[in-house]
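Laid out below as structure tokens are two forms of one and the same protein chain, each shown alone and named structure 1 and structure 2.
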Structure 1
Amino acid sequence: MKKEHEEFIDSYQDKLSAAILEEVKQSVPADITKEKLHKIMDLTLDAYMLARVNAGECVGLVSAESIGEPGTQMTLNTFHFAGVSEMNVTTGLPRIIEIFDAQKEIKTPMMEVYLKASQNSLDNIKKFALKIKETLLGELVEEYALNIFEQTLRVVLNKALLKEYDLSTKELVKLFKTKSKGFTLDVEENQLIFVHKGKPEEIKELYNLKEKIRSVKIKGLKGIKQVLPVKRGEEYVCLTSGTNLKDVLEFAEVDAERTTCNDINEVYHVLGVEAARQAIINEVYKVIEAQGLNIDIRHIMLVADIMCATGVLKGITRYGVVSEKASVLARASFETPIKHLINAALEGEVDHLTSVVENVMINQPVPLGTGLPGLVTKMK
């Protein structure tokens, strides 16, 4: 295509979206005349203007219906598959609710950790998986032996596991020095022996120590309970159950561009509002696609935009976006009406009846569509 033609198409940048301009460029024949191209652009702009949403259209309501109706066909329960190697993930309606409510504790937090292309091999991914998995001492222990008379706690560790995790008892001693006050620590091949410094006749302190050291983290990242390396196409990917996005992105071998997690709140804290918005859209769309439903992505974009509009991630709950509404009646119509009305009365709140719900309540035309414009009279 001639350069001047391309420039002419680009001059529509402010009026048409980038995707449309690209499509015009692709489909126009190379030897087109100037007049024809002008006509094409005029017609494209006309068609685009006609397709736009009218002022006063209730887009939120249309979105609510468009998401709500297919929602009735979604799986209501998450199923638990026994013995399936892939991890169990919340899907269907429970997952959608989880995302739109921006719940802090999600049922199945997961990460997809990608390695950099240069590091991507079976050996590396296995090593990496062991490196990030949160390992507690309790997992390595074969046997605990409590001796009341000598006041000792003998911890026998599994040799094979120690080797697999590449740990020595010496390293462990360092970890436990601070954790075991009032005890002296001895090492014997694959055993840790804690000896009480005093000579009390009770077993209680020994027992408490045993419980305490069991949950001491000796390796990996906090919160990552399970790591599953899988092959996706040509490369290896680590799926984790439990998330720790911030720490995992710090690793040199991790591809910090693509590694994501499914906890929207965590994405918000680590990567910001815009990333959270994109994550909401991706996660909701994933569920919808998995259920074989078809919802236009623009409806989800609208909901995601509303959740992120204040710069803080807010769920569609009475504590989130609904609490931002200016009208008392609108808030009261959502949940806990008495609480809202009493508080509003105490504070002497004024309702200007500028939005939809409150006008429906008092039987007035709602400010939507033809109800939106007001009349201005010229006074002489």
Structure 2
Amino acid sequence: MKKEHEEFIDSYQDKLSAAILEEVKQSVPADITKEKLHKIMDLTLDAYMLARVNAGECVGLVSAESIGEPGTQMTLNTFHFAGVSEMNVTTGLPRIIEIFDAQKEIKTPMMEVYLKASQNSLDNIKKFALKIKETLLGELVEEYALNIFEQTLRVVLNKALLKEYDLSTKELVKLFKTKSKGFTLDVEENQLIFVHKGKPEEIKELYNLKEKIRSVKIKGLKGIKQVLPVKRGEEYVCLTSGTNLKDVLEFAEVDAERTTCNDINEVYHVLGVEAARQAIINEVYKVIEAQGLNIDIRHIMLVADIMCATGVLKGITRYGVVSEKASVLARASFETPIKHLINAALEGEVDHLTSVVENVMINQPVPLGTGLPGLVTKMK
């Protein structure tokens, strides 16, 4: 692009946002004439001015209605992946509540893990799926044999599964050396034999050991219960039941830019508040689209902004966003009113009635729309 064209676009800096100017620079062809560029900039400015909210427009109320009204038509359901018991997806209203409340424990945590283009083949995705799935010893065992007289616990392993997971009994011995204090460990072909060193009376130790070793993690990432490789268009994606975003992103073959996780809190802790804001918008929009509803993205963006405005992720609950409101009456109108009123009385708080809810409560015009300007007339 010519230098004079760039300078002309930059002259709109005080009227248009930097992101829009940048987009115009990217989209405009290099050999454009000056007249055409003038016209484009004028049209852009007109469109921008039309998109802006009027002063005194109650955006919060409009957003609340725009999300709440279609929300009443949402069906309450859980989507089910056929054939895999752990893979469910919460959708509809329960999922929206989960996101807006910023719940710490969500019902169906999931991740979509993309591999880099060079790694994206069926063999690689299968290997990767086995690599990240959390494998416990209990899954590989064919039988446990307790011998009370010899005080031994014999664990027979499934050969086919050991081969599939690319494990050898030697590797398992290393793992269990630290976990089985007070026992000597012998190995036969595909068996681990734990021999108790203590007195014969302490038979309970053997039972305890059996329960303990069943839940020992052998390989994979903590929390990832199931992995399902699926084909989307030309590439393969790993869907996981359970999340562990931090550890997944450390793999060299993972495409960190596209890998996502549906647990907003986890995204916030791993990638920060900006990523959490984007995740809220994406997740809510996904639910709305699946339900076939039509809500303007800007309403969702407003909610996401409010949840992340302080730099910390807060849910829209009495412990989150609502607890930070400056107005006592606004806090009391949400939940647990008596608690708020008593605390305010004890601290001697003053409410200046600057916002909407407080004025509605005491029957005054709301400082929005036509209630914003005051009328002053001179009386004769």
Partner chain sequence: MAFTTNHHQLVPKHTKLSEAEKAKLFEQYVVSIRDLPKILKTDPAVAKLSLKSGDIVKIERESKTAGVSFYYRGVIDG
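Residue 1 is the first residue of structure 1, and the numbers go on in sequence order from there. None of the values given here were measured: they were computed from a predicted structure. Basically, rigid core = biggest C-alpha set you can superpose within 1.5 Å across the two forms.
Of structures 1 and 2, the form predicted in complex with its partner chain: The chain shown first - structure 1 - is the form that fits the description.
Threshold 2 Å Cα movement between the two structures at Gly311, rigid core reference: Moves: no, less than 2 Å.
Post core alignment: Val59 C-alpha displaced by 2 Å or more between the two structures: Val59: C-alpha displaced by less than 2 Å between the two structures.
Rigid core fit between the two structures: Cα deviation of Glu22 in angstrom: C-alpha shift for Glu22: 9.0 Å.
For Glu7, CA displacement between the two structures after the core is overlaid, in Å: Taking the core as reference, the C-alpha of Glu7 is shifted 5.3 Å.
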